[in-house]
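Listed next as structure tokens: two forms of one protein chain, kept apart as structure 1 and structure 2.
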Structure 1
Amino acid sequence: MGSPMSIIPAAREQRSVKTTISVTLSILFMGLGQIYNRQIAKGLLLALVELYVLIFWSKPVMNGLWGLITLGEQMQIRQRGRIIEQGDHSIFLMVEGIIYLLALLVMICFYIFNIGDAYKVRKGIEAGIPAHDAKQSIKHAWEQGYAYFLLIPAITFTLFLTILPLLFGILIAFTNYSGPNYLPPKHLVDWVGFKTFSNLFNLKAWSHTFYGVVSWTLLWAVLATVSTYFTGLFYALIINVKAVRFKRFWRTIYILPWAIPAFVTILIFRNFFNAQFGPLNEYLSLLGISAIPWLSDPFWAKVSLVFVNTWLGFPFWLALMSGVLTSIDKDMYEAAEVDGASPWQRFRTITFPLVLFATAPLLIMSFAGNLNNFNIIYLFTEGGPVNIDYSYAGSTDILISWIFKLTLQQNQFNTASVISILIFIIIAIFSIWNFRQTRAFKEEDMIQ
């Protein structure tokens, strides 16, 4: 091949025509473009893939998409309590539909890759780089595709166990999938658009519970975060006081609540606060205080929740802040002392800003975590005590535990799903905000 400088216009035109041909061919049928580019083995392989997909997959994919769009048309028919016609199962159809949709998307990506490949190889030929033969192609694919090869297991897992279920969860919000009237296999489920959303905000039965649970969720997240953070800070500070001895000893004891599996301690506390048999009320009665209904009164249940959460959560901050405190330059304090700053002033102008700066991202994430702190609510109070004004929620239920009840106990799948989406939006706002404060994406490509 001559150097590009010597290409005369006519030849260049002919070459761009050849590129167009190769691309068009691969759009028509996978692999044709490659065959045209004299990459016979690769082209045949791609063509075989498409043939295989067309023959064995087109019908299931069509069926899957049909199922996803209609959610089934045939109702289950029963006569005298016996099933004569099984009927369509909307939810299975939906899940299958999503699987086929994802498979279709993967196929489309592959198709686009095929077209791109035909184009690139042809361009290469025009520029004087001969097309790879089969052996080179395999080697090239291994080199270039190594990242994809590494990612295959993770992608497969994420696709099926995270993305697919989430898509399903999101789609459910736009259906009427709920008990008692729209539960497969007995009934069909239908798309209803944004009706569930508007019901949640407008129907008294839902909206009352929703606003009640939301306000407790927010209050809970603030209380839980602030109480653990400042308790941790307090103990980090007093252990850090120069004259205090056995610092390691204290820190080791105080780390225990974090080290012991939380579910064990929450269950222990549940018994400890038991109004009838629990030791706490026993002690109070020794002091002459009458029994307090710790878990059966909404107010006291919330108080004990915050207490237990502080017990569980402060060691994390203590451990973290101890590290921060020991790394603060001692000279700063001495300079401040020389300037006559009081201990409080030193804390306010040196210690606290530095600690806050070092722990801010974790503080925000911990707030987001507390919004969704299912374990403590469910294990400690199970959302109780019962609140008769609420639909399917107890007085200490936060959004996430309410969702759990709606899903696993009450079959209100569509409403649960709407609430999940709302939680996602709240968390997303926090995370994005947090993310923009930290460096993650900014420095992303610096290392290249």
Structure 2
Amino acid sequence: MGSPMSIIPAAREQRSVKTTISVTLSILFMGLGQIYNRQIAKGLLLALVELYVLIFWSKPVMNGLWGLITLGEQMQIRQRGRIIEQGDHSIFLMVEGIIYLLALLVMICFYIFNIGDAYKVRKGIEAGIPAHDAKQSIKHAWEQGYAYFLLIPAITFTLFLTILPLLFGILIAFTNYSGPNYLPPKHLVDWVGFKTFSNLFNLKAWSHTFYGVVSWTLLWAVLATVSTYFTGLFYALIINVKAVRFKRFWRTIYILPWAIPAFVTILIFRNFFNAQFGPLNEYLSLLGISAIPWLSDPFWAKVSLVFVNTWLGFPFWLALMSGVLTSIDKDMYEAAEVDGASPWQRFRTITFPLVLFATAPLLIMSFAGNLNNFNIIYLFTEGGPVNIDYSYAGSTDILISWIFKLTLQQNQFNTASVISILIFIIIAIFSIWNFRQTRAFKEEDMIQ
């Protein structure tokens, strides 16, 4: 008869074997591990789910993945004595393939949950916790996972209305999907790898436009962000001066440009800056100044854009900074004034650092937003004036407006997709780096 010390390792080994059996059965077929753990109802339900998927979904999933990999086949059909070539619609196959791929990933996650559940229940049994019966399992699932049940609709919509279009847009960049020569179903779309990326950087027709538009996009984002930020700060400081009366009135007046719909203001300014019959040039002519080609000259068109954007954007910063300024402790200013600090020194050492600390995250978000500020570019200049050296882009086009023209006007879907990916990379790198450098996001005191 064995000693107690030899019985304990044997019992542990037996429990380990049972755990391995339970997990192995769950890997072989969903629900078998639960049945082994004497959770018959749960095991049968999981087994039915897998049977349903294998019987009714295995063939559609395989066809969907085949379409995603091959993007279809070209075939010959005889019609009225003539042989006509007809191919699959590659884009439809790609979308269907992505849908089935996402569904397959969901099923894999469910399969992994089945394995983890069998392992967890078996470990509980070995620890002396009996396995739940059907009623207890339903009650436990509701108590512990009701939040997940409520999140399932949102997750489903996110998966198929956000992630699916995102994946589709990324995959298009690796195809030759562009018109008029490669539009389905007349022609198949093929995978071309990184060829479109290479063309964008190496072919002069594309690279010259790309580098030019990128340069103006970055410059535009900087100018649009800085101009609105410091204009808002300037007016917030002026209104906050003690000598200024009726502060609420002035804040209300200057908030109106932000309250009026932006597209209305932009269209009004477009007529205001019109070189032929716009009131601005008429006023300048009364002063003896010749008419300025605001919208037909690249330089003046860019100046006009920055001005209009400043008018639209500074009220937001004015309202935000007014709140920040009123929250600054007045004792800090009194102490600085006693020490002999000038108004500029008080602004430089107290006001501006505190305002910047409070608004830095929004400043970074504003820069990222201006990189994709499509509305003002399209409504005010439509990307013009024309630049003969650019391919499908005007002098004031930024990347997002160039993408709009490439897709809806020129059918250059693959190139537009590549540019979209590059925009995402630029914004992601800049935003992550700046957020990490912003003291407002660090777990430390503001004043060292």
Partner chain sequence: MRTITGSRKLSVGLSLRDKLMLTVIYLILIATAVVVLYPVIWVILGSLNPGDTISSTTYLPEKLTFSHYINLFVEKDYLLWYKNTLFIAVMNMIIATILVVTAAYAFSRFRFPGRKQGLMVMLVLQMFPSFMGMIAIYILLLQMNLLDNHWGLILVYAGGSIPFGAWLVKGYFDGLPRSLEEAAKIDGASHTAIFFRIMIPLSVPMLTFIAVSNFIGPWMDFIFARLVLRSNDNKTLAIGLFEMVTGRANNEFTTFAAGAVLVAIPITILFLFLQKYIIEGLKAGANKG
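Throughout, rigid core stands for the largest set of C-alpha atoms superposing within 1.5 Å between the two forms. Here, a residue number simply tells you its place in the sequence of structure 1, counted from 1. Source: prediction; values computed, not measured.
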property	result
Correct structure when looking for the form predicted in complex with its partner chain	1
Yes/no, residue 246 Cα shift of 2 Å or more between structure 1 and structure 2 with rigid core fixed	no
Post core alignment: residue 315 C-alpha displaced by 2 Å or more between structure 1 and structure 2	no
Core-superposed comparison between structure 1 and structure 2, residue 278 Cα displacement 2 Å or beyond	yes
